[in-house]
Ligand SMILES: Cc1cc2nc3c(=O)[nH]c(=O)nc-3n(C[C@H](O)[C@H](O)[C@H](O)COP(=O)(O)OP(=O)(O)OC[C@H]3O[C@@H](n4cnc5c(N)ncnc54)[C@H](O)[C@@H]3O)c2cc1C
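A single chain comes next, written as structure tokens; it is the form predicted alone.
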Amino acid sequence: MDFSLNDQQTAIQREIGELAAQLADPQLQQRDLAGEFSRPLWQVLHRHRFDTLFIERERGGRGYGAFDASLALEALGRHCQDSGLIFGLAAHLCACLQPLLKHGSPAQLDRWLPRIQQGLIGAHAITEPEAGSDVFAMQTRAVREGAGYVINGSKCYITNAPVADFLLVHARTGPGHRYFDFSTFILAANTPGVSISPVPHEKLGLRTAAMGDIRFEHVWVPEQDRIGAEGSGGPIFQVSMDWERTCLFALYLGVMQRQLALCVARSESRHQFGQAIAGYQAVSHKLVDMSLRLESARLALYKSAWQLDQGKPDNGAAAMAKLLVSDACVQNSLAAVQIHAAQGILSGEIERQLRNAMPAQVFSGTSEVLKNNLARQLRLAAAYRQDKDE
């Protein structure tokens, strides 16, 4: 087992470190309070091809796999304080671009990839008011009509929706609510019948990521814009979740690395009762615990990314990585507030890190649902071993 990075991976981290100045925004605090997405900063990412990093080099992309993409998003999380921007980028990459690359037909790739490489932003339309964790309860339907489908329904809490140029939409095509009863479609956001809430939702954290609702009213989509076979929405959705629960959460590793450095610096510069607070065991142990949580989460995420690159995606490994990263980020952010004391609760980077961390335990599968899934896998594995022994 080799934990060292190769020259290309080291270059990824160095390139993003050098890009940090272009991603700095003196108006970030004001934009965060106002909930404003930054197209200029997105354009910086686009000019450096980070919005197409999964696309093969032969097609003009970066050709990154899961591990390299995780390194890139981790570095962006560390060097760019606008976590909402990087979150929107990761949602575009993992939930829109990756399923298209994995399941899109050659004709769909030829039609959509050049357009996406022009800077289009994608939104993954799956969540509904009564279909969050219970995704198969979705009510949005796609009914066959002529050489295509008519989509009716609504989606909510969709990342990038207010700024999206194209949508990856999941809708029921079967009679029930089972794994093979829904399908996936790709369509332009300005398709007739599609209406997107123009004003983003007010949110606790990740406020600079635009999130909104989408309505579909008699939206006709040609069959050629269905991704994969009819009824293959379940496997396609699983692709987005495996990559999202791994690569997207790498941004939080970067945030925690930056946060830990800030806390160490604060503990060394802040003096109370005649010495730096780093000299007090209560503070130094907090710093150690923060480092332990970060390194544990990083190892789990890197393992999940490695498995994706080996063509051996593991739902359990991705779920564990997501759980460890999201829990670590929330706990470390709470510790960072305590270490910074009054400065930690004033408007600024430390309190913003806490607000941005808390949604991580909700999106891409709540912590409770993922633990239920992992418990089910453990029972199935135990039953399988028992059958073999008998």
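From 1 onward, residues are counted along the sequence shown. Here the structure is a predicted model, which is why all the values come from computation and not from measurement.
The same protein also exists as the form predicted together with this ligand; that form is not shown, yet it is the one meant from here on.
S.K.: Classify residue 87 as contacting or not contacting this ligand in the predicted bound form by the rule of any non-hydrogen atom within 4.5 angstroms, answering yes or no.
M.R.: Output for residue 87 is yes: heavy atoms within 4.5 Å of this ligand.
S.K.: With the partner left out here, check for me: in the predicted bound form, does some heavy atom of residue 368 sit within 4.5 Å of this ligand?
M.R.: Contact with this ligand, yes.
S.K.: Although this ligand is absent from this view, report whether residue 132 comes within 4.5 Å of it in the predicted bound form, heavy atoms only.
M.R.: Contact with this ligand, yes.
S.K.: How about residue 117 - does it come within 4.5 Å of this ligand in the predicted bound form, if we only consider non-hydrogen atoms?
M.R.: Because no heavy atom of residue 117 falls inside 4.5 Å of this ligand in the predicted bound form, the answer is no.
S.K.: Quick check for you: of 42-50, 331-339, 355-363, 60-68, which stretch puts a non-hydrogen atom within 4.5 Å of this ligand in the predicted bound form?
M.R.: Result of the contact check: 355-363.
S.K.: Check 125, 211 and 372: does every one of them have a heavy atom within 4.5 Å of this ligand in the predicted bound form?
M.R.: Yes.
S.K.: Check each of 158, 300, 142, 100 and return the one that places a heavy atom within 4.5 angstroms of this ligand in the predicted bound form.
M.R.: Residue within 4.5 Å of the partner: 158.
S.K.: Could you list the residues in 223-259 that come within 4.5 Å of this ligand in the predicted bound form, counting only heavy atoms and keeping sequence order?
M.R.: Heavy-atom contacts within 4.5 Å come from no residue here.
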